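Okay, here we've got a single chain as structure tokens, the form predicted alone, with questions on binding and movement later.
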Amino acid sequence: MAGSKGQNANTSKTMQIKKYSIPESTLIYKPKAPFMAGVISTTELTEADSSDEVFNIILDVADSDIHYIEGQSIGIIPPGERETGKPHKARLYSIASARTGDDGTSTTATICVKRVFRKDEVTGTTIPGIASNYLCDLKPGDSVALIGPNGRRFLLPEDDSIDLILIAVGTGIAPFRAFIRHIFLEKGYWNGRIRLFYGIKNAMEALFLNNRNDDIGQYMTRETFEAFRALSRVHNEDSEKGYVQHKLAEHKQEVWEIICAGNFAVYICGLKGMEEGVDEVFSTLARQQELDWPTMKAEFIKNGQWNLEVY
């Protein structure tokens, strides 16, 4: 690991991150008065032989006066009622498109939705998730009740010299697809390093990084950007099985150098509980330098350098 103990002990030096500002002109829709967004397209992201189905859903928000930015989310209210007779609650989804939308017109918003099923603990029957199956079955021309946009913390820094460490599992890749598209497609560059660590079951389910859709992978040629995939289920001896924290640990030297330099922002997105494995990697690295990770992390959170979005 680069740097002596004395040098790394200066990691307590932190910086306040100034993030992108949300446009004041944007309208925010509430559950009692949602915006009815039209469905432009639904495209499957996972490859044909995948055990999961994940869809890229593009919504028309042209008449909404919604002006979102990367890192925000929108809510979708499924039709129908709960057993109590009340309307279904909104489900939040990270926006997967950059601020100008997938078509560059600033009139669309994209979400990434996995079709979910659960087993009834009593009967053992398989029950389809209400919101996910509703969304995955949508067709162009349908409309959905949309609320938001929401979120003021999981936003990119204004300073493009800041190193970014992006850590995702599954559909948690959605906001990072928005980040990458804004940085390289709209803005055109990022002077700091960008390191994406992505955990999925297998290569066919590497959303935006597979043969069906390579929206993120196409920017791997950019000098400042690298992406690393961790596959938890592999079917041949040539591939190494592991989770996202294991891939992070493989690159611990560069990751810890970034943290020690102080000019960084970490973003973690995915299933609740994924942060525990990630936290253990950083805790181990800090302990090796006789540093107190909980204290360091608390300061990073305070300064906007440590950002968590789990569901």
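In case it trips you up, residue 1 is the first one in the sequence shown, and so on. Bear in mind that the values here come from a model prediction, so they are computed numbers and not experimental data.
There is also a form predicted in complex with a small molecule; it is not shown, and the following applies to it.
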property: Residue among 145, 165, 231, 131 with a heavy atom within 4.5 Å of the small molecule in the model of the complex; result: 131
property: Position in contact with the small molecule when the complex is considered in the model of the complex, options 28, 39, 62, 271, heavy atoms within 4.5 Å; result: 271
property: Residues 17, 267 and 306 all lining the small molecule in the model of the complex, heavy atom within 4.5 Å; result: no
property: Residue 97 within 4.5 Å of the small molecule in the model of the complex, heavy atoms; result: no
property: Non-hydrogen atom contact residue 109 with the small molecule in the model of the complex at 4.5 angstroms; result: no
property: Contact test in the model of the complex: residue 212 vs the small molecule, heavy atoms, 4.5 Å; result: no
property: Distance check, residue 114 to the small molecule in the model of the complex, heavy atom within 4.5 Å; result: yes
property: Proximity to the small molecule in the model of the complex (heavy atom, within 4.5 Å), stretch among 100-108, 213-221, 185-193, 169-177; result: 169-177
